[in-house]
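Have a look below at one chain only, the form predicted on its own, in structure tokens format.
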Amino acid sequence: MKSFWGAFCLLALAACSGGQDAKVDGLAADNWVTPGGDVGKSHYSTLADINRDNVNKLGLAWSADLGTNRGLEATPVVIDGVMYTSGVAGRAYAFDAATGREIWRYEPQVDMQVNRTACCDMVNRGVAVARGKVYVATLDGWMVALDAKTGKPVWRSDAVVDRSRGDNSTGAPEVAGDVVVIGNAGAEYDVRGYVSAFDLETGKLVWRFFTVPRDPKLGPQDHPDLEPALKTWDPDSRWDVGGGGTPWDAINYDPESGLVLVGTGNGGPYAVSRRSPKGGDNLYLGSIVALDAKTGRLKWHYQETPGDNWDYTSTQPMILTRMKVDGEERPVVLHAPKNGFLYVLDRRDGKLLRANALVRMNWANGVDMKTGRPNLTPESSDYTNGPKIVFPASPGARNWHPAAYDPETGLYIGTVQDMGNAIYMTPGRKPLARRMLNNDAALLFTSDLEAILPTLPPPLRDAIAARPEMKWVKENPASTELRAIDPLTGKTRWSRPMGGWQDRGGALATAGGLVFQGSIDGHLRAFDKASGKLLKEIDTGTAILAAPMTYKVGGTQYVAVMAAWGGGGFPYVPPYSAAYRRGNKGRVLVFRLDGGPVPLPPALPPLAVAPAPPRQAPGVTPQTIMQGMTLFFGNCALCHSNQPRSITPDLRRMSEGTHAAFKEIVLRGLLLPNGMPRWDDRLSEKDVDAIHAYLIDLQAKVRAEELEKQKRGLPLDAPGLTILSNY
């Protein structure tokens, strides 16, 4: 048996090294050769030294401080005793996988102005390793090849087509034969999606596939595969703001077919009525596209969310494996995107084999298995003519957090979120423009909807409250579970509740009968994969979102995970998270049997009352403050949540020095190296003065409220009207 699995591992390693004869079912053993473990990215390991019987002896082997308080989402790669991984903004690291000794680290020079259009933190989801090189993408869209022994750059290629737009890159590269493939992000802004393939040795661009057509007035499309897609768009679509479709994650190479499978992103803007006024499927939004790895030509596509109106990306991780379906052994791709279905497709031709609903949904009521199309229900989910409550919510039934596929049980194991959101078009006609957040749709998650409703204007409040889906909201506003699911039936074999809707850590399954998962409360947990029974939990003191992995060096099996809160909604640190209690010290944590305790970061001190703000400048009026609030929420609030313990500055607590330098920071980039972009191209001095006036007013109100709480003996972070109004 050991030689059987060893042969599989060698095949997987060959693929990681650019070989052409590897099989997708070469499962991970001593080495973990891709962020998903194997070529198919099953997040499953054949190692069994750590198992049901001894996992209670698991303890810390080593840890590494990565010097960041921003999100860590990568799963490390381990090859021949060396761990390679990525961190914030495309940093890369190599460690001795047995001892934790740092071999090298690479810190790219990143244009931090890119944070203007990086919606969801400065995260990175991993590296690829092949032919003695480590490949990583930087946040500002450069594809970099590093020498695996030294970490020195071998080549650096620009993966951005137009740097006047909001492109960025947060995904893991994928080695596909002789090329390395990377996608782009930024669909919420003005970006048109594409994937780029670079020669492994030289970094030369080999091919590029756009996932959205361009304006037909500019002439023929970039490649012939876009001509049929163009017919699914209104000719008068808002081509000037890109259209979206960005493939920011979920790129898988199938060496058996020579195809690169790419999950594509949401439409930009969200509302199809603003993007493509006459409607249409809007290919290739919300799709899996299968491309020839040598040429980039389209071989097949399957659109999971036609005409995407709800931010239902298809960029969630895919798993390539083999399954017996209807009596026939098939090579399949398992995919659970945001939209709530778990799909099983034949990866040779994209034929739909199964589509099972995992959560409550009302944007569709099933999938027609003959046509492969969802049965859309616009009467329940089209919010362009009035607010609707749509299930699932825009964070998705599944998101970037990897799931595992266990070939022993045939179960798909991952976090599933059952939540909706109220969606409505904001008043007025917001102009769509370059390098702007181009969405008119406002979202209110059902997890908090009943608390928020009383604060809304009466017409909006009443329209939402009258929706029939409020029954669902009252029954279960939101729940998140780790589930073991039969992909062919959609039935759950077992489930474990998570701490809250933001708690969606990735999963690892092993031949030792275990499922490992981290939680944002800072615990690494091991479950019995047959029953879901909790067998072991370790308090690390650091929030965990990334998927754990496992490897073996010198006869010892290790389990490793990257830990830090971040990603979508990163400024909002949940009160139940380790980041709220102990800060957000980004670390790699590695465990083994008979290891030691994890050193916990020190508890954060109690919140202090907000300092007194300066006096308002002469001439500031209530209208000035209202204008400042509008500008703040239109430009600043995505990163500055103004919440307790936020990992970006809480601007309700600015110091005297920050107030004095406010204009230099916002307009002229005083703190640009720290990640705070400048805004002189979008905001005037008068605009910045208005924003500052709003924040001075807000800080004064918060200070007064907190002094009152202090007087009454209440915690300063207890809910209050000021905090709620800034939700």
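Numbers for residues come from their place in the sequence shown, where the first is 1. We call the rigid core the largest set of C-alpha positions that still match within 1.5 Å between the two forms. Every value quoted in this text rests on a predicted model; they were computed, and no experiment measured them.
We do not show the form predicted in complex with heme C, though everything after this point is about it.
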query: Does the 4.5 Å heavy atom contact test between T658 and heme C in the model of the complex come out positive?
result: yes
task: Please check if N115 has a heavy atom lying within 4.5 Å of any heavy atom of heme C in the model of the complex.
output: yes
- request: Please check if I665 has a heavy atom lying within 4.5 Å of any heavy atom of heme C in the model of the complex.
  value: yes
- prompt: Is R645 a contact residue for heme C in the model of the complex, using a 4.5 Å heavy atom cut-off?
  reply: no
- request: Have a look at 678 to 686, 60 to 68, 32 to 40, 47 to 55 and name the one stretch with heavy atoms inside 4.5 Å of heme C in the model of the complex.
  value: 678 to 686
query: Which residue, A511, I79, V88, C639, has a heavy atom that falls within 4.5 Å of heme C in the model of the complex?
result: C639
query: Tell me, which of I464, L358, L226, M654 has a heavy atom within 4.5 angstroms of heme C in the model of the complex?
result: M654
message: Tell me whether N56 is among the residues that move between the shown form and the other one (Cα shift of 2 angstroms or more, core superposed).
response: no
